[in-house]
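First, one chain by itself: the form predicted alone, in structure tokens.
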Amino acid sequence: MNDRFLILACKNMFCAVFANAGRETPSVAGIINPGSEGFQKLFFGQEEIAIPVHSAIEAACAAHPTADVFINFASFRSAAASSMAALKQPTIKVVAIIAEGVPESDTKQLIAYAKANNKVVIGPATVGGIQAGAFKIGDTAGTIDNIIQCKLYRPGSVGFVSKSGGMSNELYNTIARVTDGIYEGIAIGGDVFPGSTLSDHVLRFNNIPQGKINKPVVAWVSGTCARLFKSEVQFGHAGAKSGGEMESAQAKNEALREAGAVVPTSFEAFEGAIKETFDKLAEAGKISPVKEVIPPQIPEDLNTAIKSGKVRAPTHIISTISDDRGEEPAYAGVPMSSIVEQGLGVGDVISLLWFKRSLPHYCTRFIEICIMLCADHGPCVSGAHNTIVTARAGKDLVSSLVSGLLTIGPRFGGAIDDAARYFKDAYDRGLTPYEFVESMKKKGIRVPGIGHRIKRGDNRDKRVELLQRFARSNFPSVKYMEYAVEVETYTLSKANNLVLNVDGAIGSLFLDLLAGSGMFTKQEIDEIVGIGYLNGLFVLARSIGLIGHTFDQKRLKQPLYRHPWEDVLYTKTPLPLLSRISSPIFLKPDQ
């Protein structure tokens, strides 16, 4: 048997790679996870390695021809079929089946096929086995600390076989205390029909190269209390029944004793019998106790070390708005359940996640009004148009939404931050509307928040009026909004379409919200405007409408959009660059 194996992983269940003493390569050759391919990261000592993941047993065996052990972690429902598929691979010699409850008829078929083809089945219902200092299959031997405590990081002189996985771990520890440790340990599994038997492995142990002698057997069959019961009883992995005297644990222990095995009088005396037998072999020179070696240094997992306070490590991300480490997520320290129980709304959630504080009700209500008023503005604006065209091209929701959102900028819906920034600067510097507008004109900058393609001085935007009415009734101060209105009065004297638009209204009123609430410093207000918080309101609101347009087009099953010819100006006017070219340019036909 080679020292590399394949694992059939189900729901990421597979044994960890353990850096045994002196081992330079991992014992896991590959992982089989039906329907998945790629690599699985694992630690091999201190080094992190990538183990190949295959979607089929056949592909894994072809990729790893030297791997001859197959560990099956699949459930009892599929363990038999996948184990048979592995046994049929010419490279696989041993199959270990971890699952309990595999149908007995399926197990018998596996056993028959394995015997006919000179292969070995360990299990079902096994925790696996371990060859000390080489590799382990399954979950046997437990944690790394237990492996080191039981001296399983290097080979000893004792072979061990049991039906019980729990008893295996117990006896590994016992044997390590009274001998030089385990050479190889196998748990054959607790089901009624194990793929390999106790005697199979005992005979195999007697023929391994390490000392061809008639090795003594120290054995104990548990379940001696079964005869105390009047009816037939089977004690789990013990395999002892009280149905007849010859089936009792006492009869089996006596048969082993008569055959020459060392059998103690009770389980309590088992440890002493093992020690006595080992010491006799050592004194007679039939075995040479293994010299102890320094166990490999196994790095502690970082998360475990941090929890125990042994190490500290720098973080890679800082988050101050939410926390999901407790029983439920919290927004700015407020548990999600509390938000729902208090009847808070979307505006309150935004105040927690964006501003990291609970704003007064009039503030959160204003945020919600902004979202409602800006959710959509019909199918003709650039954002909605892009979304509609993309949806009609058969693209998915996210693609259609993003195509519309990407139009948001200085010319469409993205002027809220700029409006707030310029209005605030002008007001704080004490500029009159005339000075402000004319200074912007000299700089060649259009006043953000002023102007509309449709609305006029005699046909004001209802959204602006609603926002102003709410603010005048609820805000402590509307000084920035009133300044914006004064600017509008001046710009209307120049052109009837230079009205205060919804960007300007939201920008100026948000300044009043931040300044009037008394919850933000001047530096915080400048930072909020500079980062882009206010444009975030328009992005959030308009996403609602763009998603609606996507669903609308999908629901109507609209075909691919093609712009009509009559809406395009086709011109033969030479381009400036081409008009300056004096020499002809010849292109290949495929260009």
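Numbering starts at 1 and runs along the sequence shown. As the structure is a prediction and not an experimental result, all values here were calculated from the model.
The form predicted together with a small molecule exists for this protein as well; it is not shown, and the discussion that follows is about that form.
With a 4.5 Å cutoff on heavy atoms, F538 counts as touching the small molecule in the model of the complex. With a 4.5 Å cutoff on heavy atoms, R453 counts as touching the small molecule in the model of the complex. Not displayed here, the small molecule is approached by N501 to within 4.5 Å at the level of heavy atoms in the model of the complex.
Contact check for Y434: no non-hydrogen atom falls within 4.5 Å of the small molecule in the model of the complex. Partner proximity in the model of the complex, defined as non-hydrogen atoms within 4.5 angstroms of the small molecule, places exactly one of 403-411, 127-135, 166-174, 511-519 at the interface: 403-411.
For the candidate set H385, R446, K115, K275, a heavy atom within 4.5 Å of the small molecule in the model of the complex is found for exactly one residue, namely R446. Note on contacts: among N497, Q250, N146, S338, the single residue with a heavy atom within 4.5 Å of the small molecule in the model of the complex is N497.
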